[in-house]
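Just one chain follows, in the form predicted on its own, and it is written as structure tokens.
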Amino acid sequence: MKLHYYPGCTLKEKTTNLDESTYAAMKMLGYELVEPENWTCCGAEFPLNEEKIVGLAAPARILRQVEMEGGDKVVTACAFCFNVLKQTHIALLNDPLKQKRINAYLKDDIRIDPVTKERTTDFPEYRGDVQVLHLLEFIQKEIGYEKVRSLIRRDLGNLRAAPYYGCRLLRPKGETGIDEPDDPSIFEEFLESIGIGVVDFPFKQECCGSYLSVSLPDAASEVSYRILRSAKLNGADMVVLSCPLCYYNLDRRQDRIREKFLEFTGMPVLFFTQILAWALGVEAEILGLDQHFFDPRPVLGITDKAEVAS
């Protein structure tokens, strides 16, 4: 079954392990992911300026392309991309004037084929019919946990994972949030469906420091340390997440965290699609495990770069 999938820029450049494990896992679940033709960056941040419509152009163009290709929904594994696309969908759906303005803005779009150099200018108006779902939502609502359980090929019952939501999956409440911000359960239910023990910890909804990793790296390191420390103190073997920026702060910056907090020995941080694909029987070499700062292979029972027979 074909399903429109928007990967976003970061998954094609910096976190290919999230993108490739998403493709692998969804194939095992019976889905062929289709990327919108000529997709571009969604903008990474939803524009807060209500007056300037230009900020909605990039995400609206992506949604329009999905609609043009006959899709009624699009999924994404990236928390930032989901947040931007979902808020854009709601903004245009709830405000007919804003939808009219963005369509007028995009009316003069020109697309040039990189091979034939043919110019395309005749684009239909976006009607607002494309549903935006995070992949965790799609698994819950469209696939169902019962089917996921029936397809599990590796027993991961000895593992305990701390689900980390971060900011973008749960907020703003009532708009992008995939669950109740103060008492979420969708990530826990997902992990339980693939046979992993779930660890509840008080920092699962806290911000990892986000872009402070650029402007105030020490502050980001401290916040990330608190999250990892909390997960470990509550008995987790790993932290599981969906956001590329959270992954950067919690995994790729563990060298900085160790320098600042000498007692911290490190902790595996995995994308939810990596652990899903592994549970479904996907080979380890496809999961991009060598891209992690803290090697997650030992906790998964992989003794070297070659997959160990399960």
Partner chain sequence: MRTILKLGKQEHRFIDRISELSGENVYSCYQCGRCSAGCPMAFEMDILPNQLIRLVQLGEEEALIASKTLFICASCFTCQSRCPKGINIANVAEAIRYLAEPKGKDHFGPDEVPAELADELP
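Nothing here was measured: the structure is a model prediction, and the numbers come from that model. Residue numbers count along the first chain shown, from 1.
Unshown form predicted in complex with its partner chain; subsequent notes refer to it.
J.: Quick one: of Glu263, Glu37, Glu259, Glu50, which gets a non-hydrogen atom within 4.5 angstroms of its partner chain in the predicted bound form?
T.: So the residue touching its partner chain in the predicted bound form, by this definition, is Glu50.
J.: Among Arg149, Arg153, Lys173, Lys73, which has any heavy atom within 4.5 Å of its partner chain in the predicted bound form?
T.: It is Lys173.
J.: In the predicted bound form, does every one of Gln99, Tyr126 and Gln131 come within 4.5 Å of its partner chain, counting any heavy atom?
T.: So, no: the whole triplet misses its partner chain.
J.: So in the predicted bound form, does Thr10 come within 4.5 Å of its partner chain, heavy atom to heavy atom?
T.: Thr10: yes, in contact with its partner chain in the predicted bound form.
J.: Does its partner chain get within 4.5 angstroms of any non-hydrogen atom of Leu245 in the predicted bound form?
T.: Looking in the predicted bound form, residue contacts with its partner chain include Leu245, since a heavy atom lies within 4.5 Å.
J.: Using heavy atoms and a 4.5 Å limit, would one call Tyr145 a contact residue for its partner chain in the predicted bound form?
T.: Contact check for Tyr145: no, nothing within 4.5 Å of its partner chain in the predicted bound form.
J.: Just checking whether Leu212 would be counted as a contact of its partner chain in the predicted bound form - the rule being heavy atoms within 4.5 angstroms.
T.: Looking in the predicted bound form, residue contacts with its partner chain include Leu212, since a heavy atom lies within 4.5 Å.
J.: Looking at 190-198, 164-172, 89-97, 136-144, which stretch has residues with any non-hydrogen atom within 4.5 Å of its partner chain in the predicted bound form?
T.: Selected range: 164-172.
J.: Could you list which residues of 249-280 come within 4.5 Å of its partner chain in the predicted bound form, counting heavy atoms only?
T.: Heavy-atom contacts to its partner chain in the predicted bound form: only Arg252.
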